[in-house]
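Read the single chain below, which is given as structure tokens and is the form predicted on its own.
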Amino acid sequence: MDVLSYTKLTLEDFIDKYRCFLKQPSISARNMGVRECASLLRDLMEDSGIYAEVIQSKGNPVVYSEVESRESDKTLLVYSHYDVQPPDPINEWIYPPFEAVIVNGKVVARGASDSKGNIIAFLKAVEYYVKSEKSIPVNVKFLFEGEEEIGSPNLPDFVEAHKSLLKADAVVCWDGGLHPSNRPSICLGVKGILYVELRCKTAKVDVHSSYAPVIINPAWRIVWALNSIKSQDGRIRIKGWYDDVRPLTSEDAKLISEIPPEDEDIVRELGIKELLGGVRGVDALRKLICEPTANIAGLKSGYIEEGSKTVLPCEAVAKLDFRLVVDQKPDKLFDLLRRHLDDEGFRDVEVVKLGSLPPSKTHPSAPIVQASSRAAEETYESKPVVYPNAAGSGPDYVFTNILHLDSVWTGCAPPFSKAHAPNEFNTVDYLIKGVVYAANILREFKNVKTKT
């Protein structure tokens, strides 16, 4: 019996476990249900014949497991995360976010695609070998964390302290999905991130807005500070920001040229007229993949409820995330941001670092890239879309920089699955394909020639 037949034969149990996993909230931003979810995940793994343990990090627990092969000395480290984003706004959900309602093969729940669906699919692939009493093609180590959605603040220390435990030949970061064209996608790295909060406080309390001619308004201070950071053409105005950006290589340029255009899919899915600046095709992809960003994630000051209130606020806050490309360093850029604000006359604006991750990169010729690409093509009967790096961020550098391993980011979530948004979903068909994809990665990694 092959893995597809086994999955279909045990489909009811597979989906029951998946829904049980989804029903347990694990919102790391609010520390809601995370430890309970780690324990549940361990129990689900052990019910699948995969011995697992919950290891306490400096923050939320890590769920770790090893499955030994009888036919290969190679080891593949599989990373993912069991924590999820907050479900807000709740009133926009068709079904409650933690009831895992299934309708016509679609499962709607927070975490359905990001990334509990990915986890349950890879576990099912390994369960196939364990319960069929077949040797798994390579040794597998599972590392599932509970803080990815808040920037993985404690994963670097955990990995540094457990280098021997996590020794492997390559890493699959199983936290992705399919391309909008419905082809599998593989990312050879991720952008880094620097997440900060700008704060400005003037008076001790809010005052009547009639004092505006003589009292400093912190909201204006924040607005002006933000305006100094980025020009209208999208370029970041902070001196030295682009100094360490690595030039685009010929290999990466070739990969980008082979990616199907995404602008029409994005415009249609989001209901917008066009992409920023009217960019299209390869130009849009290059901006998305290769350029650093400065994004205002949130603003808060004064009275923002219904109706009017004539008030001059005493405090204003802005949250910003900066996406970083290869060779940019978060700590250096944080210092440049502080210096920029000082030079522009905003010493009264406090800058608080909320989190950061360096960028990462794996070469296109790496064995795990070859193995994943072959597995993807065999599973989905189409060549994978290979990105030089993802437009988003993740803790990939702990594998490439601390463990010095090649790493790919891939997964089985549907395109436009509404991850981080209301009505996040997955489907039974995508999950089944994901099981097969995971099993094929294990087999292809066994067969690929690795570095000596």
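Everything quoted here is computed from the prediction, not taken from an experiment. Counting begins at 1, following the sequence as shown.
Omitted from view is the form predicted in complex with a further copy of the same chain, to which the following refers.
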property: Proximity to a further copy of the same chain in the model of the complex (heavy atom, within 4.5 Å), stretch among 375-383, 334-342, 127-135, 215-223; result: 215-223
property: Triple contact flag T75, S181 and K329 to a further copy of the same chain in the model of the complex, non-hydrogen atom at 4.5 angstroms; result: no
property: Exercise: E149 in contact with a further copy of the same chain in the model of the complex, heavy atom 4.5 Å; result: yes
property: is_contact(I272, a further copy of the same chain) in the model of the complex, heavy atom dist at most 4.5 Å; result: yes
property: Contact label in the model of the complex: P358 to a further copy of the same chain, heavy atom within 4.5 Å; result: no
property: a further copy of the same chain contact in the model of the complex: D88, any heavy atom under 4.5 Å; result: yes
property: Contact residue in the model of the complex, from L40, I55, M32, A391 (heavy atom within 4.5 Å of a further copy of the same chain); result: A391
property: Listed residue that, although a further copy of the same chain is not shown, lies within 4.5 Å of it in the model of the complex (heavy atoms), from L248, I102, I256, V207; result: V207
property: Heavy atom contacts to a further copy of the same chain in the model of the complex at 4.5 Å, residues of 294-318 in sequence order; result: A294, N295, I296, A297, G298, L299, K300, S301, G302, Y303, I304, E305, E306, G307, S308, K309, T310, V311, L312, P313
